[in-house]
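Here's a solo chain for you in structure tokens, the form predicted on its own.
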């Protein structure tokens, strides 16, 4: 791993969208994110928190309103910048909906052979057939001859997602952005998909930016990685996953963890008491003043309604909370 320069770096990113009614939607506010080669980073939060926007900016398909995004040390939004072909292949994506992300009128062979032939990784279709057979076998899509000439609609959600993962890794990228890759997959296939991506990280050293609302899959996917917790476009807590999930410091992360159903059948019968004033997230077009979490926070004080908390070091992680010293310890 190259410690001198990060693979991906988002610095002081702000992202605002102008709506038709004239309102301005805050999707990201002063977001900073760094991913090193081979690293596993998870971004979590409720729907509308801005995590998918971070993923799109990391892919270079969405230009931030301000701030800089660097990939392999190159500012991809610098005026006059043109993507080198090699750099463009270094970051790939696994979408949430494998059905819409795969071309419905092309077979699995046609979909996977296109990048192989385009980038001259194989000489002809005969070599492509051999290579794709190997790839399908590596993700347990066997017998290979049953799947290779199928169309996407003929496969299950889990099988399509395995094809999407092959497509994302076929050019040997340095980073894969996986945006809710198992949310549309049935429960029985989720762990196998996560294990497949974890294996790719270990075997090939490919870094992952894993975007999810599911803390359980986040902890399973990257137990030794880092977590970035977002709320209404802002990072509220970040650090090592095992530290943040076992002892969350921010009241929002504590609330997210409380909402996870208990694995103990006896405790699962008990009513879940989520430590929130309200279950409704404020509108991103009209965020609260001060700390954006203050209308839902049980521990909010006057300063929380007036001043935006800075992301500061606290107990081995970073947290944005004025009253972090007074927040009770997490209890599940």
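Predicted model only: the values in this text are computed from it and were never measured. Residue numbers count along the first chain shown, from 1.
The same protein also exists as the form predicted together with a small molecule; that form is not shown, yet it is the one meant from here on.
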Heavy atom within 4.5 Å of the small molecule in the model of the complex - the one residue of 290, 295, 67, 48 that qualifies: 48
Listed range touching the small molecule, judged in the model of the complex by heavy atoms within 4.5 Å, from 273-281, 30-38, 48-56, 302-310: 48-56
Contact test in the model of the complex: residue 314 vs the small molecule, heavy atoms, 4.5 Å: no
Interface membership of residue 10, the small molecule in the model of the complex, 4.5 Å heavy atom rule: no
Partner contact for residue 90 in the model of the complex: the small molecule, 4.5 angstroms, heavy atom: no
Proximity of residue 72 to the small molecule in the model of the complex, heavy atoms at 4.5 Å: no
